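Take a look at this single chain in structure tokens; it is the form predicted alone.
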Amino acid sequence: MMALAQLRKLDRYIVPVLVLAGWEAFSRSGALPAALLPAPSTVVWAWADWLVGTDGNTQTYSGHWLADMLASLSRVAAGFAIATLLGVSIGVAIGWSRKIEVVIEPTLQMIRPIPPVSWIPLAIIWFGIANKPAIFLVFLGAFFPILLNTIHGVKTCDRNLIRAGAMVGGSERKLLRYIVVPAAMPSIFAGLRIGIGSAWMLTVTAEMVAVKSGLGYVLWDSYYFLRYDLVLAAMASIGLLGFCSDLAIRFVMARVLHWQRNTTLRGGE
């Protein structure tokens, strides 16, 4: 049984290993110039130098991965925190109050279809070339998924639970705190997971145009110098950090929604 369990744990690595092996074989076949499609081993070599400065092959970026990662991570954390605070607060208000929904939601629904990248010129004019426009774009990317999922979670709260709470004397504030918001938490966490992915995508876009640091800036700068190994290393770094961010949210979700563990198909996932 233990051997079977170990094999099941290895299942998740089968597809990544096959993809990397196929990529390595194709790159070394000569079908494309090696500079245009570097092999995974070449990307790992460049990534290692960017990370710890092994041989200086990434030149000015050698040994600067941690600083670039922290620059991007700080922008994501700031933008995502603001989006979470506003998205959940406004979402609960819209979902709970018909009056607030009528007043606010039409405006938000008109703004929502505007692609976040189209805000770049205004963001630069408003905030200049620094962290602020990048954080603003990250906020835009994360805000609407969180907002919409929160509204959905509040609106789909079981009406019988609210009636039962009201019958035992619960005030509107207590109904929101002890019934509506807890019932909406699965939808809110779904919005947070979508929002963190959008936040990382917008970070790269913002760093390409608004700042001169971070993983997105390295990716774009490496493209100009035809260093596609470093471009792929930057893409892999962003993917890895996005994956870790999602894991962190799932970790919190599993503990906040511990009551789901034995009542749903996949427990707290």
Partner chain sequence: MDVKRFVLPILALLALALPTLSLAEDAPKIKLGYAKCAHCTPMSLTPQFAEGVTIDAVGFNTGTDALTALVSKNIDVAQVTYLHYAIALDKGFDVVAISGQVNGGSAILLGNDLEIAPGDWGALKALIAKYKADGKPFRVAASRGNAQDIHMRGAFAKQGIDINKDVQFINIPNPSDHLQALRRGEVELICTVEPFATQIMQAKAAKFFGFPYDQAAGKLTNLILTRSDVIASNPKALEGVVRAVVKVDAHIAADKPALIEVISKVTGLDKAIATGAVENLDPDPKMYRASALAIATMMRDLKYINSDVSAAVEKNLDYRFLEAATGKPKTELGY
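Residue numbers count along the first chain shown, from 1. Here the structure is a predicted model, which means the values were calculated and not measured.
If you look for the form predicted together with the partner chain, you will not find it shown, but the lines that follow are about it.
Peer 1: Taking the partner as it appears in the model of the complex, which of 31-39, 62-70, 240-248, 46-54 has residues with heavy atoms within 4.5 Å of the partner chain?
Peer 2: Looking at the other structure, the answer is 31-39.
Peer 1: With the cut-off set at 4.5 Å between non-hydrogen atoms, does F26 touch the partner chain in the model of the complex?
Peer 2: So F26 does not count as contacting the partner chain.
Peer 1: Though only this chain appears here, would F127 touch the partner chain in the model of the complex if you measure heavy atom gaps against 4.5 Å?
Peer 2: It does: once the partner chain is placed as it appears in the model of the complex, F127 has a heavy atom within 4.5 Å of it.
Peer 1: Can M208 be called a contact residue for the partner chain in the model of the complex at 4.5 Å between heavy atoms?
Peer 2: Although the partner chain is absent here, M208 would touch it in the model of the complex, with heavy atoms inside 4.5 Å.
Peer 1: Quick check on W200: any heavy atom within 4.5 Å of the partner chain in the model of the complex?
Peer 2: Taking the distances in the model of the complex, the answer for W200 is no, it never comes within 4.5 Å of the partner chain.
Peer 1: Is the partner chain close enough to K212, Y223 and Y228 in the model of the complex that each of the three has a heavy atom within 4.5 Å of it?
Peer 2: Looking in the model of the complex, the three residues K212, Y223 and Y228 all sit within 4.5 Å of the partner chain (heavy atoms).
Peer 1: Do any residues of 67-88 have a non-hydrogen atom within 4.5 angstroms of the partner chain in the model of the complex? If so, which ones, in sequence order?
Peer 2: None of them.
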